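In structure tokens, one chain follows: the form predicted on its own.
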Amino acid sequence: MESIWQNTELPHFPPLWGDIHTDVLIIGGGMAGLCCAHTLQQAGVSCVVAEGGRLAGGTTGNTTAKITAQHGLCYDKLLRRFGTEGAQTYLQANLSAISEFASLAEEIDCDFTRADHTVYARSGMQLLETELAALEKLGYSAVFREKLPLPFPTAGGICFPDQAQFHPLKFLAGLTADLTIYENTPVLQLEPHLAITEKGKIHFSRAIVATHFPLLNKHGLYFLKLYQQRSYAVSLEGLPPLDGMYLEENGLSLRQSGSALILGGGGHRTGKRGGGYPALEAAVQRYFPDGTITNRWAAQDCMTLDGLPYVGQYSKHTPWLYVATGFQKWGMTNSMVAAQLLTALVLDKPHPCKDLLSPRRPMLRPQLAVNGWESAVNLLAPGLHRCTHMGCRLNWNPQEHSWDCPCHGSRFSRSGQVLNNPAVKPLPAFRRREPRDKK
């Protein structure tokens, strides 16, 4: 079933035929790629977007579409990892991104509305108190709310006032005006200043990889620096409207969209077992028994080693190539942050996030050991099918009827077609011997 956003028809664009020249090639037509294209064009830089399939065909079309600088209870962690200046820089960059969305939404009909965002706790105050203290050190005036309009008891929550929400595909439909876009144009080979597609070539000065998971294995070590998580959402009709947006750390996400309540949760590492749709359906039965599920969908997010995205030069060996990835489930604001930062880098201008979000920052974090272990175990383990990305064993996902890779998050359909990257090649022909789905 599709997300509630996907009833919007995006403009169609032709595939590339022949050879073209541009200042900047952007590979990937999701929120990050199109925000980059718009920001660059506004700065007077000629750019081209090459999308392998249809625009917004990945995570962008399956988001909950919250626009907020409150990324869970993240600021105490960022304060400890990156200091006061680093945490403040990240906070201000995301607040600036919200303002930019608000400015663009004045010209684009995309159901943009201002709304408070609250991270709540079911019980215990320690984590909330620690986060409030961190925000006070950063000079941000968050609000503690003891009573929340939720159908279950909470210990209260930390509120970021005046955040926002919107319809992401309506927004992108408006953003594509005057952009040069080629759909169904996968980049088959990427060389310095040259991209080769199925029926053409793109000559460029610089390129930006905005393909969700980066596409080059031999540079940047992204197969060690990233892993992916699945998260799930349902939309409910027939309920009173909910005022504001809400999130429990590792729990339920809630927001209103028109007459629909969007409920998210059930997340887990791709290729591993987790709550999934059954966890959301149980929450609906318990807390929203009068609601009717109208849509259900899943998204996939790239997670980094330290909680911050990788935005900047792809690797030290590729000065002509940039990347935007690892948005940690907060792809709306971080897409705009990436667009503003990458535009500054292309123009050789300073930006406060340049070092903070650099993909070349230190990798020695505990998550690196977890990623390395998952890769080693699943590379060596026997299995019926192996991922075409780097050869890891694939696990059968009975909820979504797919073969999923626990190493880097590639997913394949029953017939072997790629559902999620970094894999780009389908599975080879095989006998139909997948596990039977449990009734």
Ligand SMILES: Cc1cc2nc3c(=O)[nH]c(=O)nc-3n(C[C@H](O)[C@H](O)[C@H](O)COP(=O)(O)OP(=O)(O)OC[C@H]3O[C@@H](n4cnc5c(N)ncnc54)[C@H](O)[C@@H]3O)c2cc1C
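Note that residue numbering begins at 1 and tracks the sequence as displayed. This is a predicted model, so every value here is computed, not measured.
The same protein also exists as the form predicted together with the ligand; that form is not shown, yet it is the one meant from here on.
A.B. asks: Given the stretches 396 to 404, 32 to 40, 371 to 379, 410 to 418, which is the single one in contact with the ligand in the model of the complex, using a heavy atom cutoff of 4.5 Å?
C.D. replies: Within 4.5 Å of the partner lies stretch 32 to 40.
A.B. asks: If you check in the model of the complex, is residue 309 within 4.5 Å of the ligand, heavy atoms only?
C.D. replies: No, no contact at 4.5 Å.
A.B. asks: Residue-level contact is defined here as any heavy atom of the residue lying within 4.5 Å of the ligand in the model of the complex; does residue 171 satisfy this criterion?
C.D. replies: Taking the distances in the model of the complex, the answer for residue 171 is no, it never comes within 4.5 Å of the ligand.
A.B. asks: Considering non-hydrogen atoms and a 4.5 Å limit, does the ligand approach residue 271 in the model of the complex?
C.D. replies: No, residue 271 sits far enough from the ligand in the model of the complex that none of its heavy atoms falls within 4.5 Å.
A.B. asks: With the partner left out here, check for me: in the model of the complex, does some heavy atom of residue 388 sit within 4.5 Å of the ligand?
C.D. replies: Contact with the ligand, no.
A.B. asks: Could you work out which of 235, 343, 313, 333 is the residue within 4.5 angstroms of the ligand in the model of the complex, going by heavy atoms?
C.D. replies: The residue in contact is 333.
A.B. asks: With the ligand left out of view, choose which of 300, 304, 89, 163 has a non-hydrogen atom within 4.5 angstroms of it in the model of the complex.
C.D. replies: Looking at the other structure, the residue within range turns out to be 300.
A.B. asks: Sequence order please: the residues of 63 to 88 with a heavy atom within 4.5 Å of the ligand in the model of the complex.
C.D. replies: The stretch 63 to 88, when checked against the ligand in the model of the complex, contributes 63, 64, 65, 66 at the 4.5 Å heavy-atom cut-off.
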